[in-house]
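Consider the single chain below, provided in structure tokens and representing the form predicted alone.
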Amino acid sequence: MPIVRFEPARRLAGSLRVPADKSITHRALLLAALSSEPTRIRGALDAEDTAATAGAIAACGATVTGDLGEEITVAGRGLHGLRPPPAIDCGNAGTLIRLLPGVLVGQTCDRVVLDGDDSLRRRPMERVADPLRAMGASIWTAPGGTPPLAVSGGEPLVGFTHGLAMASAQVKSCLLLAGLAATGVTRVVEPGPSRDHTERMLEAAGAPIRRHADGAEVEGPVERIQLPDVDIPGDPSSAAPLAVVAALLADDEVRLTGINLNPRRTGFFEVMRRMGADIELVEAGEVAGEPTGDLIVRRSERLVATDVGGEEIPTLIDELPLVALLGALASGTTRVTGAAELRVKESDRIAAVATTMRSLGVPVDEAPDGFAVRGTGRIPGGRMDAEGDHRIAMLGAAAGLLSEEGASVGGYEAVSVSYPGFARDLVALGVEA
């Protein structure tokens, strides 16, 4: 397994654009495939997860031309015109395997098998399968409610009010997509706010979507949608590890440009600010209903511990591992609670965070739904393994840059899932190769 060494860094400075938003790229590809006319998607994320989604819609009959990362054109087949193959490989893409069933139940197809790698096969799927069955869909999971799963489409669907036990943008999105083909109102009620990219994009595509304080609803059956051309903004989750390093090492300032500033995606930056980081969000425009702008980070003299939990968890679910890194460098004990969802990500991220930080000399207490980091103001360094998880790989890299002795990151290649050029961009900001 390749090991990449990250030595302590002295400074970061400059400006760059981080990779395109992974969540929006997935959704743009899926909605373009359901559109009646071609859609141009500019700057889509070129990474393993999004390539899996592009491959999936192509296998279902949509025509995809061009290159991810530059400009692609998707000629969709309409809301009910896709013809899925017998099997679709979702790779490591959790968003794909959870949203695609909501698309497939509205198509004419019989037992399409969705599968992926070993990590994906650990993801819980009954959270989408069970509510889809309540709408009349035929869907089967493996024993234990995990992939592979099989979906049959084209059966009559009836709108349903789904009360989710846990706020989840992926589950909500799947059910709203299924609602496009259902008769009546499909409503999703959440206990707290989750990402609303699907609602914004459906609205832009002309779907009869209504958003509420506790969720969203769509009234079907819908005959036609048309996603307009999309410019994908930068991903705040990819900006996050750079922002953490910049908060401690910025020389003057680091500016990350063209980032998605949807308030349901910027919770981590608010936590950083709460801990004493000097961060400025400068909104500059809107793309596909999403506010965009720049993130400016300046060096912070002192960080203080904080508690993270409750309704803010969904707004920074992918960035929670980085809270542990900030907590190590802050004074006091930083606690994360109410984040049991981390147990079923690409890895068990609660366990992975605890193992990683302890390997690097940071005291961490693991809990069923989170962790606590006792801040000492320092990260000694050492060797860790990413466990096949791109977020943990970037956590280790950032920790090495901020450590006293550096960090050796095993399995660093996992970053290719969302940020293949992460090391290259660190060099662009002044980190010595």
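Start at 1 and count along the sequence shown; that's the residue number. The structure presented is a predicted model; accordingly, all values stated were derived computationally and were not measured.
Omitted from view is the form predicted in complex with ligand S3P, to which the following refers.
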### Position in contact with ligand S3P when the complex is considered in the predicted complex, options 139, 322, 317, 218, heavy atoms within 4.5 Å
317
## Note on the structure
If we test each of 300, 107, 168, 347 for a heavy atom within 4.5 Å of ligand S3P in the predicted complex, the one that passes is 168
### Message
I need the one stretch from 244-252, 108-116, 160-168, 129-137 whose residues put non-hydrogen atoms within 4.5 angstroms of ligand S3P in the predicted complex.
### Response
160-168
### Query
Closest heavy atom of residue 23 to ligand S3P in the predicted complex, within 4.5 Å or not?
yes
### Query
Heavy atom to heavy atom, is residue 95 within 4.5 Å of ligand S3P in the predicted complex?
yes
### Query
Taking 4.5 angstroms as the cut-off for heavy atoms, does residue 200 touch ligand S3P in the predicted complex?
no
### Query
Would residue 187 count as a contact of ligand S3P in the predicted complex, using a 4.5 angstroms cut-off between non-hydrogen atoms?
no
## Note on the structure
Within 185-213, the residues having any heavy atom within 4.5 Å of ligand S3P in the predicted complex are 195
